[in-house]
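Given as structure tokens, the chain that follows is alone and in the form predicted alone.
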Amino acid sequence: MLADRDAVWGYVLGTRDSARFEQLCEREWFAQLRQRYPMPAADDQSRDARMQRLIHTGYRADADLAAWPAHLHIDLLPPVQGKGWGRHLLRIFLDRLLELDVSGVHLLTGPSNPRAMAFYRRAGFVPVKSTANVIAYGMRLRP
């Protein structure tokens, strides 16, 4: 996490094993959340209803990305972008994956985010899968 006394400016988070994360989500989170938040009516398009549908959809590890078993999310607020903090946070996360002997990592972004795509490529990620809405980038950490 990138923060000072006044604010959180960014973070990187993830998991070393997306398939295991899927199992843990189902067992530890989604089952209880589904009981607490029932599926909304089909005509309810509120923000809450959209979130509730995501709970009922759950998280599914993409089998096409199994060669890159870890995944990460990184976000920085605009005032700290372009100053090296993203590379720094990413390096900390990747070093930890290497310590854990993880073979590869992936992340997702939208094709309408060229700045993020350029950042990921500069960091060593390569596009490994794309759809109309999502591009998956992967990085091998060991052979």
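Just so we're clear, the structure is a prediction, and the values are computed from it rather than from any experiment. Note that residue numbering begins at 1 and tracks the sequence as displayed.
We do not show the form predicted in complex with a small molecule, though everything after this point is about it.
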Whether Ile74 contacts the small molecule in the model of the complex should be assessed with a 4.5 Å heavy atom distance threshold; does it? yes
Looking at the partner-bound form in the model of the complex, is Pro111 within 4.5 Å of the small molecule by any heavy atom? no
Contact between Trp85 and the small molecule in the model of the complex at 4.5 Å, heavy atoms? yes
I'd like to know whether Arg20 contacts the small molecule in the model of the complex, with contact meaning heavy atoms within 4.5 angstroms. no
Heavy atom within 4.5 Å of the small molecule in the model of the complex - residue from Ala118, Ile92, Ala41, Ala31: Ala118
The small molecule isn't shown here, but in the model of the complex which of Ala61, Val80, Val102, Ala49 has a heavy atom within 4.5 Å of it? Val80
From the candidate stretches 50 to 58, 102 to 110, 63 to 71, 23 to 31, select the single one in contact with the small molecule in the model of the complex, where contact means a heavy atom within 4.5 Å. 102 to 110
